[in-house]
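This document opens with one chain alone, in structure tokens, the form predicted on its own.
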């Protein structure tokens, strides 16, 4: 009988062992994201467009406003071919090179503006929604600014500052962060009076620590939703303003500038006009779908069992 039993030593830490499997939030997020075939396809398209806009202009040497082939009649208005995939314009420039150079500028503007507005808007919005005193002041400021049409305000700023890349970034960022802050303020007000936040306040926890550790993690999904909406939106703003001629100057390539310059060929040479429009739409739709799918996957409510 003694050979049938084995003595087991007492392990004091055994009672601390949790039988539940290890859970990783971000692993669960990406598992849910990559379970969507549409999101994967759109992610591949987005990455391909972004990489193409970064790499292709490095080799093409395209410079907006520089027309070295303007006197060569044989290079004007060529149809799509292997040598010129998108054809050539009235100056003899390759439209393929111009589209990717413009895509790089439009993406750069949208990413920079989205980063600025998201960072400022999130910081201000968290304090705005948490502090009732600050809420009273900021609401008055928001009501005044929100009643001014955003597009009109940007156009006025561009007329004052002049056309240019950084001028457009400043004009788009100047007041749009306030909309992000208001959006975050509403989300913070929903969760600021929950039990754990009240307990933290009773224990004397600093406001900054409460915002970072208790509230910010719950804002991840709404921030991803906001970013997925803002990036395509700012691309559209850039295209619209450049189309009106109040965005970037002629020396800066952009999708809006190309669409504005080629709008006269909508019927005579439709591919020169519609190809930049198609690339712009492809970027906006793919980034939006990727962002919305990632926002749904990062929503804490979708991880509850």
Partner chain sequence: MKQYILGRVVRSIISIFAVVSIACALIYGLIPHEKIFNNDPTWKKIASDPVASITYKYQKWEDLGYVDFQNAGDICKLAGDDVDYNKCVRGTTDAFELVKAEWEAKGYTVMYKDDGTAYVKQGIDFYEEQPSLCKLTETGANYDECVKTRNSDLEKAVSSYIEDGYVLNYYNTGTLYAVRENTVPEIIFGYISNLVKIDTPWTVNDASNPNLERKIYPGLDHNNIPALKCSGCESQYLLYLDGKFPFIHQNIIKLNFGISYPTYSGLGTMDVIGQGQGDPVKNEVHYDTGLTAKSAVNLHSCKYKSSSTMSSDDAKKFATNYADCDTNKKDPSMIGTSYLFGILGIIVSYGIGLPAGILMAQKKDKWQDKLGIVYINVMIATPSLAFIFFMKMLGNKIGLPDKFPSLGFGSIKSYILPVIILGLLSTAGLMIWMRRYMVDQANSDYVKFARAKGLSQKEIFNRHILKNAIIPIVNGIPASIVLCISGAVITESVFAIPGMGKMLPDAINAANNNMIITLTFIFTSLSVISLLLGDLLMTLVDPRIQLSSKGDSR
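Residue numbers count along the first chain shown, from 1. Just so we're clear, the structure is a prediction, and the values are computed from it rather than from any experiment.
Here the subject shifts to the form predicted in complex with its partner chain, a form of this protein not shown in this document.
The putative spot formed by 24, 30 and 212 is not touched by its partner chain in the model of the complex; no residue has a non-hydrogen atom within 4.5 angstroms of it. Its partner chain is not shown here, and in the model of the complex it never comes within 4.5 Å of any heavy atom of residue 41. Among residues of the shown chain, residue 34 is not one whose heavy atoms approach its partner chain to within 4.5 Å in the model of the complex.
Its partner chain in the model of the complex is not approached by residue 205, whose heavy atoms all lie more than 4.5 angstroms from it. Contact annotation for residue 280: at least one heavy atom lies within 4.5 Å of its partner chain in the model of the complex.
Note that among 109-117, 217-225, 88-96, 150-158, the stretch whose heavy atoms approach its partner chain to within 4.5 Å in the model of the complex is 150-158. In terms of contact with its partner chain in the model of the complex, the residue from 46, 252, 56, 236 that brings a heavy atom within 4.5 Å is 236. Only one of 275, 64, 50, 259 lies close to its partner chain in the model of the complex, with a heavy atom inside 4.5 Å, and it is 259. Taking its partner chain as positioned in the model of the complex, the residues of 173-211 that bring a heavy atom within 4.5 Å of it are, in sequence order, 192, 193.
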